[in-house]
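In structure tokens, one chain follows: the form predicted on its own.
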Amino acid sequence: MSDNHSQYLPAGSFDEMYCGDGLPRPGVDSVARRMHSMSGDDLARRQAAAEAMLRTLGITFAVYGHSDGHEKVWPFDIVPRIISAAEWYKIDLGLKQRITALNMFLSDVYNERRILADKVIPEDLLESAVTYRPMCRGQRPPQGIWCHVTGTDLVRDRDGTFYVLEDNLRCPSGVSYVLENREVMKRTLPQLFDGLQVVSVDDYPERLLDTLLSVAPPVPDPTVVVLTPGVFNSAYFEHSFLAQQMGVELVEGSDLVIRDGFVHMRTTRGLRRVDVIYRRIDDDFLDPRCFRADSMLGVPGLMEAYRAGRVTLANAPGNGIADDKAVYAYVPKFIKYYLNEDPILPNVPTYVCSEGDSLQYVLDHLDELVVKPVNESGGYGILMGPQSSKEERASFAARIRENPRNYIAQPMLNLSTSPTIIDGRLEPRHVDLRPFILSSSQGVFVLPGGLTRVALKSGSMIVNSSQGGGSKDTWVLADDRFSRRRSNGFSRTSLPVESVPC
């Protein structure tokens, strides 16, 4: 064993690969042994090769306002994060349960509103959310599906328990990097896969297309497009990648027009009807006649065609209310209310600052809590209480008092760590996990694994790539029990595993 590996010790957190004594965890020891057989120099060379490949392939993301430029090569670490079949089985069930309840919640709050009448969630909390869309009242999307594509963020605390950190139901991004990370791993470290049953992720584009086609209006051979804000959007690489992988057109708002109540795409051969739009544009910019009048990104009259059932929008407009961070605190109650089940995956304990005694508690314990604005993303606008200064806490307290509805607070979890190559040696770095979930009339499918994001700065809990974070390939290891269990609805009865050429 090289010194590079023998000196690796977890840093007081649950480590994804090693126990506290530095020995590999059961189930990942075969991967750890193969990593051990490589010197630090060998790892560094392979890491450099992976980064060169990402650069050559043009796998990028955008960072707004960054001093070094707009477009960045996707940051990637070649040491995989391993999840056992038994652990993934629980995650898979928990996410299916959660998305089912959230879909029922969305249908309810925009129609019958039973959950409000029964006072499970305060009506004023719902209707004061900036993502609540009154114009979507009475809306019933095709097949009753509101959240076709979801990215739910999971974290693991020091005791090894997975918690749901937040749900992303509007335009969740990152799945293209899941697919590209796997491809880079197979080219850079093919020997790691040898003899392991690593569940494949390659069929995601096909499943996504099937999901979109399943909710199309009843027309022969429906046309699907991906709607992007354009090349300057931070996720433009993903938009173009998914369109190419699905074999559908990538369009901007200016490429679409409403004719005779239907959506059409401008082509060199004239107008062509569009039946399903996988939109990567937020509600506000979809239709200037319905939402923001100054939007140059959307399509005038799009919502009228949608309400008439002449086009399907995925995800459905209005579903952002379900990823408001204050509404998130009530999801365990949604699961109990709609499904009469206890949550399989727990929430992080959450204080909603606009409710009861929570405001005073949060103000009195700012040095212990993580405080978040309810609709920000990317790790922006957050107070990390235990790492903050007295001046920062005072400034944040003033903002909370001014608009308590805009903030929630949570205890600071000690996120799990994973071995990461830093300057040619393995060091522990904190990670989270974003699995991707597809919902259709056929059921709910959870892509095995997901995007593991890693905080590349020592001690940092901020994993977002826009703030210096990176990513890892996430391996779900299959076994016979896992394959038999995944036999319901939209899931496979036998799982494809990676085949890596010699």
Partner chain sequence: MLSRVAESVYWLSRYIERAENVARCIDVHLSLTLDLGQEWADQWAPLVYTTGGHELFEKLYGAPTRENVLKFLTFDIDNPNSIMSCVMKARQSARTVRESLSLAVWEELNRFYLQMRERKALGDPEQAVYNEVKRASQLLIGVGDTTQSHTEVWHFSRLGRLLERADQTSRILDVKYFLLLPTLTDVGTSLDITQWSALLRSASALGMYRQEHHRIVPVRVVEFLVLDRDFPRSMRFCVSRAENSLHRITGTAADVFSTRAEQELGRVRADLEFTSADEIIRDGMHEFIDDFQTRLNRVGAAISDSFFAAQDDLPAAQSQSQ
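It should be emphasised that the depicted structure is a prediction, and the values quoted were computed from it without experimental measurement. Residue numbers count along the first chain shown, from 1.
What comes next is about the form predicted in complex with the partner chain, which does not appear here.
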**OP:** Consider the chain as shown here, without its partner, and state which of S354, T188, S240, Q410 has a heavy atom within 4.5 Å of the partner chain in the predicted bound form.
**Re:** S240
**OP:** With the partner chain left out of view, choose which of L250, V224, L345, V120 has a non-hydrogen atom within 4.5 angstroms of it in the predicted bound form.
**Re:** L250
Subject >> is_contact(D108, the partner chain) in the predicted bound form, heavy atom dist at most 4.5 Å >> reply: no
Original post:
If you check in the predicted bound form, is H264 within 4.5 Å of the partner chain, heavy atoms only?
Top reply: yes
**OP:** Verify the contact flag for S395: yes if a non-hydrogen atom of it lies within 4.5 Å of a non-hydrogen atom of the partner chain in the predicted bound form, no if not.
**Re:** no
Subject >> Any non-hydrogen atom of L271 within 4.5 angstroms of the partner chain in the predicted bound form >> reply: yes
**OP:** Would you confirm whether the three residues R55, P220 and D255 all fall within 4.5 Å of the partner chain in the predicted bound form, going by non-hydrogen atoms?
**Re:** yes
Subject >> Answer range among 86 to 94, 419 to 427, 230 to 238, 153 to 161 for contact with the partner chain, defined in the predicted bound form as heavy atoms within 4.5 Å >> reply: 230 to 238
